[in-house]
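Coming up is one lone chain in structure tokens, specifically the form predicted alone.
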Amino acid sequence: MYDAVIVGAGILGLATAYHIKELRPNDRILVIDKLKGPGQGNTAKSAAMFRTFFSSRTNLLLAKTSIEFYEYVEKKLGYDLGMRWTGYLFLITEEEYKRNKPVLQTMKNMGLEYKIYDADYLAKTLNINVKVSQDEEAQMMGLVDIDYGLFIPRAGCIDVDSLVKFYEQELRKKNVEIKCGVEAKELIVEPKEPLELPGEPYPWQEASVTGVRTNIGDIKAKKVILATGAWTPLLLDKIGIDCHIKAKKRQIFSIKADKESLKKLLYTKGFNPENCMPFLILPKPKIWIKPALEEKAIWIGLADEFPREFKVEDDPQPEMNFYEYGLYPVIIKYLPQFKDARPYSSWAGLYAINTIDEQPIIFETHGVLVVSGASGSGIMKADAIGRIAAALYAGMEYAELSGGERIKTTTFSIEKRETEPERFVL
């Protein structure tokens, strides 16, 4: 019998286990995952970007404190997490700037830093075509001109493998068991006072989740924690619990910066201490372009919404047509450096989309604790999410985040949810 079994050894499961052992060092914890090692699922397929720039108090608190903890791990504990402060650069229209100006002023009053670049500066430094409306094909595609660049300096990327290894190493030091190749088939539900009746529990019996049925047998625990991301509803639907999480595929395409024009773009100076291009977000559609310095490459992706279906896939694959006809025609209008560029590598993963407000879902009911629904920002917010889930597990009313800030453990629940809507939307 374990005190807790955590299903899912992705970043949320690992962070939750880490902080449970911080709060309850004597508890016997088991982490299981169906893949061959920790962090090999959607965690490994992340773009691994982060920013401390949100208008929502809850969004900001999760991201800010998590990133501060990662900095602590690098600077104080001596783990190299590969943090690079490249910054974010949103390429925006005049209309978008005017619409967000009041929100930006509020964020500035909150102490959040940003800088506005004009179109001429962007065209000169990054060789961006800011006047795409003059192009007939661009007009047909509905592309818009770039009027400003909104630069966020307190932002960048992290090496996901290094972050996973940090948590894994620390968990093994704390005697947390991690078993991979173990697939959760269903949750075990049992009555508290079994009567050996066929098919129990019945509605008149008090029951709870008591374990997990897996490919290697049943695993019993006082508490089952689901950190299963996009697969969470597959386990909860069977026992009638709604978690408001749906899966949506996301794809990344990597382009080698082997042409002189792409090298020049990749190593653009003046924006950050890395002397590279910032993380770019185009105005329409919101295609993102990331410098991948370790690979001497540039990653490209898009969180496409409509009409991308909600669908759970065990092994999602990238779609070359999506790059050829969805991303490439747009990119070359704004950045002609990508002319004839083709991916040398590509992959796909699943976002666990919280359909309520795209902020995490952390709640406990009937003996199962759910920690999921990060909606694509799991790496950015993982440490804070893990602390909240751990405090909820320990029966605490408040969780203490990195730096000492406190938050109610019910803040990201469903019934007592107290999240603040995000108003900074580009």
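Note that residue numbering begins at 1 and tracks the sequence as displayed. These figures come from a predicted structure and were not determined experimentally.
Keep in mind that the form predicted in complex with another copy of the chain is missing from the display, and what follows is about it.
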Quick one: of 100, 208, 129, 162, which gets a non-hydrogen atom within 4.5 angstroms of another copy of the chain in the predicted bound form? 208
Though another copy of the chain is not shown, can you say which of 273, 336, 181, 285 has a heavy atom within 4.5 Å of it in the predicted bound form? 285
Applying a 4.5 Å heavy atom distance criterion, does residue 150 contact another copy of the chain in the predicted bound form? no
Should residue 111 be classed as touching another copy of the chain in the predicted bound form when contacts are defined as heavy atoms within 4.5 Å? no
Contact flag, residue 145 vs another copy of the chain in the predicted bound form, heavy atom cut 4.5 Å: no
Exercise: residue 118 in contact with another copy of the chain in the predicted bound form, heavy atom 4.5 Å: no
From the candidate stretches 254-262, 299-307, 213-221, 274-282, select the single one in contact with another copy of the chain in the predicted bound form, where contact means a heavy atom within 4.5 Å. 299-307
Residues of 309-336 having any heavy atom within 4.5 Å of another copy of the chain in the predicted bound form, listed in sequence order: 309, 310, 321, 322, 325, 326, 330
